[in-house]
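A single chain, nothing else alongside it, follows as structure tokens in the form predicted alone.
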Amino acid sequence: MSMLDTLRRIVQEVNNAPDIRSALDFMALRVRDAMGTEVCSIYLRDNTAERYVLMASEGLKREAVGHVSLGFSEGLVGQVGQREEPINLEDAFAHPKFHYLAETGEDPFHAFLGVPVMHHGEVLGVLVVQQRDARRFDQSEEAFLVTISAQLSAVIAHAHASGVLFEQLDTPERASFYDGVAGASGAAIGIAKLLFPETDLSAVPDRDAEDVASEIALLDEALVRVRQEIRDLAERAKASLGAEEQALFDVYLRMLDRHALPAEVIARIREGQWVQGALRMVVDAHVHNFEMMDDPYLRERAADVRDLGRRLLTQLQSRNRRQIEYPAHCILMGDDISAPMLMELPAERIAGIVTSRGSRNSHMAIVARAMGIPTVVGCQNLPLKKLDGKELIVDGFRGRVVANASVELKQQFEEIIAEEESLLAGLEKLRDEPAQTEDGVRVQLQVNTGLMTDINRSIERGAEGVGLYRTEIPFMVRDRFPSEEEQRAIYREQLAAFAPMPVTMRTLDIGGDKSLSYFPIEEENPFLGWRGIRVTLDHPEIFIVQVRAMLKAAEGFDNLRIMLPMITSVFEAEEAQHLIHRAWLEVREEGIDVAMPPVGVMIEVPASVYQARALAQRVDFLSVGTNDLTQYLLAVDRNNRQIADLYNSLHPAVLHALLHVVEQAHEEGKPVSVCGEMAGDPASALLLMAMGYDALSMSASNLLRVKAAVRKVSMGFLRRLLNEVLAMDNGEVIASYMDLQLTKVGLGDLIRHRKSG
């Protein structure tokens, strides 16, 4: 077998291991055998104890595993970790850094090769092979070990992040931290409740069986129905399959015999596991065993076991739809949670939301911000099944989740939560006050909406209109395009609620990370693909129906403004305006008395920044979407955790682009606003006001905080601050300087979320 084939088999076996301890044992055994050495050991970094712990070994004494450790700078293992590069020695005993560990029984082994296990620039551990003979491992062996280390680092990183690596050692339970992306600001403490998708066996969590007998009865009922399902399939297949193929159905039925797979499931139930969790465990074990077999025919049997598992799970879930009880302070947790799923749940009981996938701009996160629920998304290393039912802290300021928090850490967050509640309660009195600086300069504060639930919250906070109404949300909660009349009714409710204040409706903005199930867009690079105005100009039938619905909804109110997303050229703006004018003439001919609404464009790509003046000459207003603009200017995917620290809306390039846009628009006498996340952050909102932006549009939950900040400063102070930061060349320095200066003028409480955690 070639080294590449060996590598693939090792990676597959480790990835299919039932738990991290088994994965480490497999890794040590397979690497030792593949390299033909006598010892392979894995030392993993325990940051809390500041030591490298021997977590697996083939060749050293078994009793040393989990007990022997070395300090970060101790021995050859510590040296590999410090240097972050391989160390290959003919005789380890002769090296000055060699540290003898009698407990491991390493006396006979002279040759030493150690490579660091690294993930995202961080040392997670050290992979070591040893041999009795004094010899230097050759370059191919060293390259193989480095490759194995790189391939398997993600598995170890996941275990590191999930806190399961050292949980079986004789140490007290420690806090585990899981980093993601802040989806909605705020902090929450509560009990995790896992939402898992139906018929996804891998997502089923471990839960205790409340009644063993009833769990077994549920399994028996499901078995009866699945056996009948298989018999029905076999009957239908008689006409098209030969005898050999039909025999496969007999194999299925034998596997479903009470003394086969079901017997193992029942054994797990008797050990205390609920039926769905027991089924997952048994199916996973069999799939793993089949996939490890050399015979291709037998390996394919893994698919059969998976299929039977899914069929049984479907039946169990159809008969076992227990009414989910949500605790009073529930942390909703899932791989991915959709906006419709969230809307179906009791909002008053949801304290926080955590997902292992998703982005800050997913519609669930947008809904969570509108509802004021602290949210963290994209926690890729979150062990969902293990955290179900555990107490979690959700830090929606920093984008972090904490499990097994210490008493002191929990108290810190309780204080933060209490301070936030007190601060917001104190801001309520500002609802009817103007957003005006101490020296009398006003800015219009509007809201970003997309749901009916946004309306009341926005009006209660004193919003002066809608700066961004996301029309794609009504499209996303359906299984087809909404009709013109359905759209008209939805839009009219928004326009009526805010009349006579302006409501800026963005035309359908799909693509990127926003998709419709019934209109899929499959692209390798969706953020640079078919999205926004590009889609609707290619489908004028969708665009015109939407604009007609908007115009009809505005009859009698005249507070509609139409905004075009993802504009990259003057041509796109002109073509869209032509279609809008055509739709306006059509509804006028139908007897609808509505004025031609103002039409504006979103500035969210570099191309539109440098055409801001030309665009301002042709449209009625400009609005900057700072989320996408920052992403495109810095070439940083804002949803990619690996480079999340590079996404900084206070980067000098972003600030100078924003200043350029407002200057160009005002030279043409056109108003310009910001409807991205920067508008809802008090510190960056003040900079935008200093630049001269006429309106800021944000989530309703941020409106009073921004208003309070505006009312505590003078425009003279803001302009001096703007000039100072525009002379700086580092976004991190700008952020720190802003925090310092705003804290000096009494805004520390309002900007604390920038530094939380």
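The structure displayed is predicted, hence computed values, not measured ones. Numbering starts at 1 and runs along the sequence shown.
The same protein has a further form, the form predicted in complex with a small molecule, not shown here; the description that follows concerns it.
> Please name which of the stretches 661-669, 568-576, 596-604, 542-550 has residues with heavy atoms lying within 4.5 Å of the small molecule in the predicted bound form.
After filtering at 4.5 Å, what remains is 596-604.
> Using a 4.5 Å heavy atom cut-off, state whether Ser185 contacts the small molecule in the predicted bound form.
Flag for Ser185 set to no.
> Should His110 be counted as a contact of the small molecule in the predicted bound form, where contact means heavy atoms within 4.5 Å?
His110: no contact with the small molecule in the predicted bound form.
> State yes or no: in the predicted bound form, is some non-hydrogen atom of Lys514 no more than 4.5 angstroms from a non-hydrogen atom of the small molecule?
The answer is yes: Lys514 has a heavy atom within 4.5 Å of the small molecule.
> Even though the small molecule is not shown here, does Arg280 get within 4.5 Å of it in the predicted bound form, heavy atoms only?
Although the small molecule is absent here, Arg280 would stay clear of it in the predicted bound form, with no heavy atoms inside 4.5 Å.
> Among Leu313, Ile373, Ala616, Leu468, which has at least one heavy atom within 4.5 Å of the small molecule in the predicted bound form?
Of Leu313, Ile373, Ala616, Leu468, the residue with a heavy atom within 4.5 Å of the small molecule in the predicted bound form is Leu468.
> Quick check on this chain: which one of Gly532, Gly676, Gly450, Gly378 has a heavy atom within 4.5 Å of the small molecule in the predicted bound form?
So the residue touching the small molecule in the predicted bound form, by this definition, is Gly676.
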